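Just one chain is shown here, as structure tokens, and it is the form predicted alone.
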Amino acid sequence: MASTIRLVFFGTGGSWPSPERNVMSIGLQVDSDVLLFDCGEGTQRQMMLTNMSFMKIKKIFITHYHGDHFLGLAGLVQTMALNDRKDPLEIYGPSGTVDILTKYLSIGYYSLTFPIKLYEIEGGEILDFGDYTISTLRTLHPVPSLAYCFKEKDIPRIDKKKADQYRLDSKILEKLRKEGAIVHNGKTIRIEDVMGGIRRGRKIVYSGDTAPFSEMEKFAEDADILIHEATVESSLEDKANQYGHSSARQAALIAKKAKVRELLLVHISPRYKNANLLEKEAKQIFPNTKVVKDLQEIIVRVRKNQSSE
């Protein structure tokens, strides 16, 4: 289980940049690794205003290929090359990813100094990356579009009294967690011998662009954080739904039904210089709601008082 999981919002607006908000991009730091969800134009400069390094990005997950979600990729990749990056970069996205990004990332005269691996996802997959998984869901949008769910894997809770009986220090306990059983002082010890329940991993869901639909409720169920688009206020939601978008009110209804801990609203239309109305409408349904601002950082903490199931 990671010691630190941190979110940084590089862009929280939709459609086009405004003086108030850049377009969509979210960094998720898992210890020293950085995952990037969407990469709207200007993402790399926004990153430079934070302490999250673009050179540490391991994986990029694109929700769809409308410009406000991916046009920052070419510049970001070229800057990585100019800084002599060697580590491979993985980019995941919906159908069309290989064709679109192969063409887009070849723009301009520059030499790539690191390998880029492109992966197309249909929706419904669960990608296993060791300590965490990324699940995907096809959303309701006019072009192929995905929602992503980051889920840290559950780990056994250690009962200190039981561990002390075997004289196990932290390094040995970590080995026991990974291997399930070890031989210590001539005796076989199984993880069940020192368990005190399960510590549930943190769960973060990002909707991408979508009209509201019931599958999102199941996808986001019991999430620590649901990051959901909230393009407009409720008076404009019918038109927004026609174009594959949601209102703040509708996002709050999903959060309530999914029983998430916190709702963060993004993809705010540039028509709103002040998004207080959107937050107010959502809070009436789901009180633990915030409209996120550019460059805002959030530490995602392990839940306290978890059950010992």
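These figures come from a predicted structure and were not determined experimentally. Sequential numbering from 1, following the sequence displayed.
Only in words, not in the display: the form predicted together with another copy of the chain, which the text now covers.
**Q** Taking any heavy atom pair closer than or equal to 4.5 Å as contact, tell me whether residue 49 reaches another copy of the chain in the predicted bound form.
**A** Flag for residue 49 set to yes.
**Q** Evaluate residue 247 for contact with another copy of the chain in the predicted bound form, applying a 4.5 angstroms cut-off between non-hydrogen atoms, and reply yes or no.
**A** No, residue 247 stays farther than 4.5 Å from another copy of the chain in the predicted bound form.
**Q** Counting only non-hydrogen atoms and a 4.5 angstroms cut-off, does residue 15 reach another copy of the chain in the predicted bound form?
**A** Heavy-atom contact with another copy of the chain at 4.5 Å: present for residue 15.
**Q** Given that the partner is absent here, does residue 156 sit within 4.5 Å of another copy of the chain in the predicted bound form, heavy atoms only?
**A** Contact check for residue 156: no, nothing within 4.5 Å of another copy of the chain in the predicted bound form.
**Q** Counting only heavy atoms and a 4.5 Å cutoff, which of 114-122, 136-144, 158-166, 173-181 contacts another copy of the chain in the predicted bound form?
**A** Selected stretch: 136-144.
**Q** Counting only non-hydrogen atoms and a 4.5 Å threshold, tell me whether 79, 83 and 100 all contact another copy of the chain in the predicted bound form.
**A** The answer is yes: all three residues contact the partner (heavy atom, 4.5 Å cut-off).
**Q** Which residues, if any, of 272-294 lie within 4.5 Å of another copy of the chain in the predicted bound form when only heavy atoms count?
**A** Result: 294 alone.
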